[in-house]
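Consider the single chain below, provided in structure tokens and representing the form predicted alone.
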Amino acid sequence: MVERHSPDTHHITNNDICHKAKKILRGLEKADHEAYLVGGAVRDLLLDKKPKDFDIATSAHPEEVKQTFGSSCRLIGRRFRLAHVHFGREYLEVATFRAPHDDDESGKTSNDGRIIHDNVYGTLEEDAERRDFTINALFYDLKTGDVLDHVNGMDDIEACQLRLIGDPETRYREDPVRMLRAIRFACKLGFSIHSESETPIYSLGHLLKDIAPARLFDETLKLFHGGQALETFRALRKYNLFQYLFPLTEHSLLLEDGTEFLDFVELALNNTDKRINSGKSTTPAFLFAVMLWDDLTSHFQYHLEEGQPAYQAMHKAASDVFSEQVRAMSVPKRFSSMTREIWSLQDRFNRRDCRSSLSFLEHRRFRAAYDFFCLRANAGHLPQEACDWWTTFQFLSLEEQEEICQTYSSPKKKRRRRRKKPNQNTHD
């Protein structure tokens, strides 16, 4: 039975809802459809957080949403049919109420229980029951200001706990990514995972092997670029899930005698959190550069011992580790290429003659490579003096740069170069 929490029992108001969402809600209501704000937006507003997205659930079928909003609406998806209502380059997602699958429905789930087709439409009550976590199954009624709760989600928000709706093992088997979402929400919100929802995670991680590598890439970005990367990393390892995202990294962590590589990874993730929480950008390429570094150096040394020149050994080593990594998680070429550049540029920091140093400062990947180089120094893998030298050098005047590097200069005539101001706000 639904519980209606009136406006005097919570602090959400219509003024908290973005005008685009209100326009869609009123448009659907005008067309005689039920429509509510749902999910993360309601949860975040109740927790005094700023919502990232404003999603809408409605009784209207996708084609009816399309009919209501015309050319500004696009229908997407096959497994899960959705409507995107566009406002210029931005859009809001509108989903039709879904119903649970009957046990005897063929073709809806795979042999291991994973949902492979999900266009069974239902009522508001059924839609609430088939959502993943209770705190994500709350609906806000724009007309009355009420929060509608069918699954005791308000109680779980009050208790700061994450709880799956229905039988946890069945729900994880329906969509194994829910295990990753449980960890992400728990770390993001500072919630505990209810014991009944927590226990199956330890033994069901293997189900992630059947998830499309591209989807795992998207989920990994959410896990590590949300401002709680270090806490998330530790939780993923605690629940034995990290190995299915970064198998090479986990192998390196298990093999090492001490904690050298672990310290390196945790230092990098802590730095990433600081950047994101201070409003600075970061790139997935840096995450992969860190996670795969230990395996990269092993392959690099192997190819050197085989007699390969350093540049070719680095190229082959990078190909080796990415060919293994993409078996678990796809990595778009624009990111893998940048990761390769970060790695290959590390040797440039050892060349401090004027011509090479000044040219290096103008390289498009200097900042990302420099951040990675100093990360290695901060972790104790390199002399700190090496990082300090480049930190000082890049901000000197041209005359001061030529003076400081003249002891490293070749006998060739030095050329004055126009120096670009280094970018301090991004790894890109």
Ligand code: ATP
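Note that residue numbering follows the sequence shown and begins at 1. Being a predicted model, the structure only gives us computed values, none of them experimental.
Just so it is clear, the following notes concern the form predicted together with ligand ATP, a form of the same protein that is not shown.
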Discussion item. Please identify the residue among 388, 32, 53, 403 with any heavy atom within 4.5 Å of ligand ATP in the predicted bound form.
Written reply: 53
Item to complete: Note which of 355, 234, 215, 86 lies within 4.5 Å of ligand ATP in the predicted bound form, where distance is taken over heavy atoms; exactly one does.
Response: 215
Item to complete: Report the stretch among 337 to 345, 179 to 187, 247 to 255, 282 to 290 that approaches ligand ATP in the predicted bound form to within 4.5 Å, counting heavy atoms only.
Response: 179 to 187
Practice prompt. Please run the contact check for residue 198 against ligand ATP in the predicted bound form: heavy atoms, 4.5 angstroms, yes or no?
Written response: no
Discussion item. Using a 4.5 angstroms cut-off on non-hydrogen atoms, would residue 266 count as touching ligand ATP in the predicted bound form?
Written reply: no
Discussion item. Taking ligand ATP as it sits in the predicted bound form, is residue 40 near enough to touch it, meaning that at least one heavy atom pair lies within 4.5 angstroms?
Written reply: yes
Worksheet item: Looking in the predicted bound form, any heavy atom of residue 136 within 4.5 Å of ligand ATP?
Response: yes
Worksheet item: Within 320 to 338, which residues have a heavy atom closer than or equal to 4.5 Å from ligand ATP in the predicted bound form?
Response: none
